[in-house]
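So this first bit is one chain, no partners, the form predicted on its own, shown in structure tokens.
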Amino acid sequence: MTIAETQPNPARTKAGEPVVNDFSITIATKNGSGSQTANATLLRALFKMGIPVSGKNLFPSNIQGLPTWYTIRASKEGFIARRQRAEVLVAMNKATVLDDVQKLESGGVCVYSDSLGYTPNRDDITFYKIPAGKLADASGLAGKLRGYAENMAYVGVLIYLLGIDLEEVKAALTWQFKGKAKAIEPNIKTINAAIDWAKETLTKNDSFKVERMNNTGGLIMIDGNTAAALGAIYGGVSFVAWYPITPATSLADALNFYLPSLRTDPENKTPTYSVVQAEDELAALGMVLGAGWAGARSMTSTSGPGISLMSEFAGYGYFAEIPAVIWDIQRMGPSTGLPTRVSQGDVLPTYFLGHGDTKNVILLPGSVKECFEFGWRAFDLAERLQTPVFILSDLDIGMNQWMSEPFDYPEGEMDRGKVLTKEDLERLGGKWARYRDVDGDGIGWRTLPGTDHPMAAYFTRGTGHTEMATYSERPEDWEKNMERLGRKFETARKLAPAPVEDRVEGAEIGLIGYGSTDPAIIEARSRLAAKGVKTSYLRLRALPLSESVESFIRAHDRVYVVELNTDAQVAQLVRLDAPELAGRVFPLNHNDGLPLTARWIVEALEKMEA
């Protein structure tokens, strides 16, 4: 590229102020083009430079060759939510380049491949055309692999333009390819060729750059599904049944990856776990309930369509009172919906999943660290409450890369709940009742198969039953059982993880959020505070709602429930739980399939407040 081909960015150059560690990069490619390694390398290199970052992959669900976008957010202030518009674009897809350029923030930068045949059409953007194909010749690769090397051409150009540390890029590549020189060297050659070409050819006319910081020391990068799998392993998972579905498959993949090394008996070299790929989601939950009934710590992972199929067994587990853990990595519905887009649309259907008067316990992780924590804590809760416990993560947390503090080892011993041993039964003279509320918390005592006592056995059923687990159609037995289950749900309200609150003195506005909306809410509150708008914040971590939610609503004139679904599902639950305060609760919901942004929250809130 010559100087004449570069269109300067008037807004940035006039200001003369460099934009350091505070912008988003969008990389537009085709699915299957091999860009994942290049994008992950850039993300990791920036992270290792001490710059707070997050990476989000927006990819098609079905056909190779469809558009894919990868966004890297760099923020010196530590904000990691998606930005609504990027400042830097790498355009490598002819099918989307016109639209991609139009979505760039005014004053931004566009690096584009000469193979696109694109002619710049905005005068407020700085353009850099690169010969990506020619630069890939340096790799020495041929065929499909050479095509992959073209992605390293934009890595090299970004190193030159933004000032990314080359040594950190090399280290990231080494990490990506696990030190395999045969895979690393061709990519390094392409990157070096691109840097040399950029130095000789390009004149930098923009203000965006990165500089080394020290704000990621001690942190790790990981996706939520891997964190969830590790949490489950550290929580003692011993049985997994699952069926493949996007975006939950990688959770089961992570279990299959880590279990052999972490859960194989060191003496006899035999696995201490079982993983079964079932014929469908209904069968998977059936197996999980069977294992949970037998005393195993059992779990499955799925997404919305799988949750629908699991409905019948979920109700059975609730009424027969069998521990189980079900991860739902939420995606856009209804029906098949958008399998590779994020949503929080499964809250209401999962809360009431099962026919009749069923209400389920739900955990709502808001970070990868909480994915790990809830990975083990869910087993404790399921066994203490003797009920299926659902964990509603989503595609954004589950599949994208997040910074995190290292995970904490589970606190204390595992809580196996109320389990009678042979010695307990001998002490009781064999007199016990499976569904009797001895302790006033709605939770009966159970025995496990193999307990060596003649009175240990009981009949498990999903039909009407007495506290002795015998079949009954008597109205008084039915009502008594349902009243006890109601008490157990109130016990769950106390045992489930409490919300995280930040109350601000003088704030009239309260925000309630959960899950992957948390980073956007944190950033939005900062922006609102800069405008003089005080807000308090309560982040839900579980359903049923904690009693502190009502107190939070009473403390504020207006409470907005921020969530990613069309029907404002948690706002409905909040109003249902606190009907006398419903007039203070307002939905602030959005559902376009993309991770929520701070800009949307601020603009939507200001519109509601006007």
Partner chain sequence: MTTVNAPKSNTKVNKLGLEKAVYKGLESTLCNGCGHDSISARIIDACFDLGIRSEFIAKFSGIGCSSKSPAYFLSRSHGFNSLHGRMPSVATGAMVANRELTGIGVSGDGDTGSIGFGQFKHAIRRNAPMVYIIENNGVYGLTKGQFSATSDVGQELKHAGINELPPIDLCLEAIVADCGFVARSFAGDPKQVTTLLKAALSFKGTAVLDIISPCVTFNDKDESTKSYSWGKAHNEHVIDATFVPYFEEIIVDYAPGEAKEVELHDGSKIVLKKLDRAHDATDRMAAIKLLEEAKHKQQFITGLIYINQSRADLREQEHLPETPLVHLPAAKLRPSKDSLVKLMEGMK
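All figures in this text were calculated on a predicted structure; none of them were measured in a lab. Positions refer to the first chain, counted from 1.
Another form, the form predicted in complex with its partner chain, is not on view; read the next lines as being about it.
Of the listed positions (Thr460, Ser115, Thr358, Ser106), a single one reaches within 4.5 angstroms of its partner chain by any non-hydrogen atom in the model of the complex, namely Thr460. The contact residue chosen from Asp439, Glu423, Asp123, Glu279 relative to its partner chain in the model of the complex is Glu279, the criterion being a non-hydrogen atom within 4.5 angstroms. Per the 4.5 Å heavy atom criterion, its partner chain in the model of the complex is contacted by stretch 294 to 302, the sole one of 505 to 513, 294 to 302, 346 to 354, 390 to 398. Contact check for Gly290: a heavy atom falls within 4.5 Å of its partner chain in the model of the complex. Contact annotation for Arg263: at least one heavy atom lies within 4.5 Å of its partner chain in the model of the complex. Residue contact with its partner chain in the model of the complex: Leu381 places no heavy atom within 4.5 Å of it. Under a 4.5 angstroms non-hydrogen atom cutoff, its partner chain in the model of the complex lacks Tyr160 among its neighbouring residues.
Taken together, the three residues Pro244, Ile521 and Ala578 lack any non-hydrogen atom within 4.5 angstroms of its partner chain in the model of the complex. Shown without its partner, the chain has Gly235, Gly236, Ser238, Phe239, Tyr258 in segment 235 to 258 as residues with a non-hydrogen atom within 4.5 angstroms of its partner chain in the model of the complex.
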